[in-house]
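Okay, so here's just one chain, in structure tokens, the form predicted alone.
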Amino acid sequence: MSSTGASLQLPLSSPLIIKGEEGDATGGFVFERENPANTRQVATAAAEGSLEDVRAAIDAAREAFDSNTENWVYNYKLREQVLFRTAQLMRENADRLAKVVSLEVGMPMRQAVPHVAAAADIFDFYAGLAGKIYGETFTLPTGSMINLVKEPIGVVGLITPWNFPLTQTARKVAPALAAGCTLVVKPASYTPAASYELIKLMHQTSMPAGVVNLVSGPGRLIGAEMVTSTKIDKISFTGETGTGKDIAARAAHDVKRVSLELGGKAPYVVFDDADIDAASRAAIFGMFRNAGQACGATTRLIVQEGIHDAFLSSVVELTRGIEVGDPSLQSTDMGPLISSSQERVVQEYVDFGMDAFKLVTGGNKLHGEGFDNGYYFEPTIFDEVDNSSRLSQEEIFGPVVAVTTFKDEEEAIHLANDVDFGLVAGVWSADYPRAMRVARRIRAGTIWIWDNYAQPVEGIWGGYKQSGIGRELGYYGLEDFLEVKQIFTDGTGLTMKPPYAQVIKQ
């Protein structure tokens, strides 16, 4: 049996939080989240919100914004304090937060601990920006003045994913609060407790009631109501591309603002002059972190022909050394998949790959003691994969990687770009001008040179093409929650201004 939740009282409780008050769903319904590492264990019992609940949460956020409760919208000092204190509380409760994430996601503790730290850093970063939302002013030749003022967009509905529940929530919540918005958060149904634990800590700060509200429940009900509600000004969603398209279509009815962080099919371009050892280790990190359940996971190794054998040999050797198992153990490198449905998806792609391409390593669901009650799957690599195939074109969200070779720079760029997605990519070459040249031509939101899956809060996250709309992290992440308003002040003092003569006779 998994010991991930050994020091936690299970099942974890995940109530709703509306206007600062914790409570059950109005219908009294509860849904259970199993431990993906040990499905005989219930990880979380979460309140299943109703339409009444989500509408109450939206009303609470609307009232808090429209009434400017406790001067939230204008008092950036208060917002700074809330964000800084949240970061501090996260660090004080880091062990519990990491265990909750590990329990619900199946993320190894060696990854869950830095995951908590990264989320706390995001709150710190945006606390520092809350008081630096500067506008612009300039004077026209007539003496009239234009003030460009940045204001919070209003009430924001946040729909968060399960794979990195704290950082992904922080990337939305922290900049939205720094801007002065109020929020309704719908967490992924796989990770309600992780989101609840974070927002519970936020309510231990000086944050006014109603500023952040939490409603768990099915997306078809809770998320759909948030997207169509005229009381919500913006939706920020991270998740599957098809769902993002549906959200954008529904939001368009009211011209509601949207930010979408969607899927990826990241290419990792390795030239024949690359440092094999360094490039191999970076590839493994991008390929199998969180069991490959990441939108920015390295899923396509695009390798120059001359280095193919040596590079693939190095990658396979490292892959076979990955220890798959109990997420709570410090020795574990990769935990289980999130669910039985995700396991079926991965198995389907692996079956397809076995029929069409060369299996290099992996390819099996793991069985035996410690595995039979969880969703454990081997790290899997296919070689000689056609870039036009499903294995190279579709997001799998699991530990499955496709290897393709290229002859020259032009072909590498073509293969990297020849997908519907454009979230992230990696480039390895000892020739820096070439690496930079290729990075400039790959159509993706983030390109790593000599590294993989680095996500500094000072940078950005977001994609081209069907990988999404908008950017998270950095100052661009803050701007996604701001509107720009022009305030024009006449400086001429004229009663009859020259343009008026177009309508009024002298």
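From a predicted model like this one, the values you see are computed outputs, not experimental measurements. Numbering starts at 1 and follows the sequence shown.
One more form of this protein should be noted, the form predicted together with a small molecule, which is absent from this view; the next part is about it.
**Q** Just give me the single entry in 210, 161, 353, 154 that has a non-hydrogen atom within 4.5 angstroms of the small molecule in the model of the complex.
**A** When the small molecule is considered in the model of the complex, the option within 4.5 Å is 161.
**Q** With the small molecule left out of view, choose which of 397, 357, 271, 125 has a non-hydrogen atom within 4.5 angstroms of it in the model of the complex.
**A** It is 397 that has a heavy atom within 4.5 Å of the partner.
**Q** Which one, 115 to 123, 400 to 408, 139 to 147, 221 to 229, holds residues whose non-hydrogen atoms are within 4.5 Å of the small molecule in the model of the complex?
**A** One stretch meets the cut-off, namely 221 to 229.
**Q** Does at least one non-hydrogen atom of residue 104 fall within 4.5 angstroms of the small molecule in the model of the complex?
**A** Heavy-atom contact with the small molecule at 4.5 Å: absent for residue 104.
**Q** According to a 4.5 angstroms non-hydrogen atom cut-off, is residue 413 in contact with the small molecule in the model of the complex?
**A** Outside the cut-off, so no.
**Q** Classify residue 258 as contacting or not contacting the small molecule in the model of the complex by the rule of any non-hydrogen atom within 4.5 angstroms, answering yes or no.
**A** Although the small molecule is absent here, residue 258 would stay clear of it in the model of the complex, with no heavy atoms inside 4.5 Å.
**Q** Does the small molecule come within 4.5 Å of any heavy atom of residue 335 in the model of the complex?
**A** No, no contact at 4.5 Å.
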